[in-house]
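Just one chain follows, in the form predicted on its own, and it is written as structure tokens.
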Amino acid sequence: MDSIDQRIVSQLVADARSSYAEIGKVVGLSAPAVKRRVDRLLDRGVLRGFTAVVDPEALGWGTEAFVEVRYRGNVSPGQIRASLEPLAEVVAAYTVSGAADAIVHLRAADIHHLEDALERLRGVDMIDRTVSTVVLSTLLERSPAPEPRNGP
């Protein structure tokens, strides 16, 4: 990925609705040249798609928690994923190092809905123990920069 590709990605991160012509003006390329580069970035998996960024609270999903999940025995990442997929409140899940096997990000309408989701999560047969942390406020949330940040 060269510096022009990085600038194209930066433009798309800032506004995925930008036209190829608008991006071309910023990076110094024609619209067809930008399209070819975007297509290449999609083919290589650098860009995984274009999506709307939605405020979950505006959709009624304003309560969230992160849950450390410990499974019984040796459980593969595929088994972990399969155990979590049926729960609509699970918006992300990660395998992690440390005492937990996974960290699960839950979203719910309110604290009662969150409690219900946690009970259903705890009811998954392979799960041994959970530790929940309810989010009070979001301090920082951003997309990755096209270029890695070095230092402060």
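From 1 onward, residues are counted along the sequence shown. Note that this is a predicted model, so its numbers are computed, not measured.
One more form of this protein exists, namely the form predicted together with the DNA; it is left out here, but the text below deals with it.
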Tell me the stretch among 121-129, 106-114, 30-38, 50-58 that has any heavy atom within 4.5 angstroms of the DNA in the predicted bound form.
30-38
Is there any non-hydrogen atom of T133 lying within 4.5 Å of the DNA in the predicted bound form?
no
So, in the predicted bound form, is S143 in contact with the DNA at a 4.5 angstroms heavy atom limit?
no
Do A21 and the DNA share at least one heavy atom pair within 4.5 Å in the predicted bound form?
yes
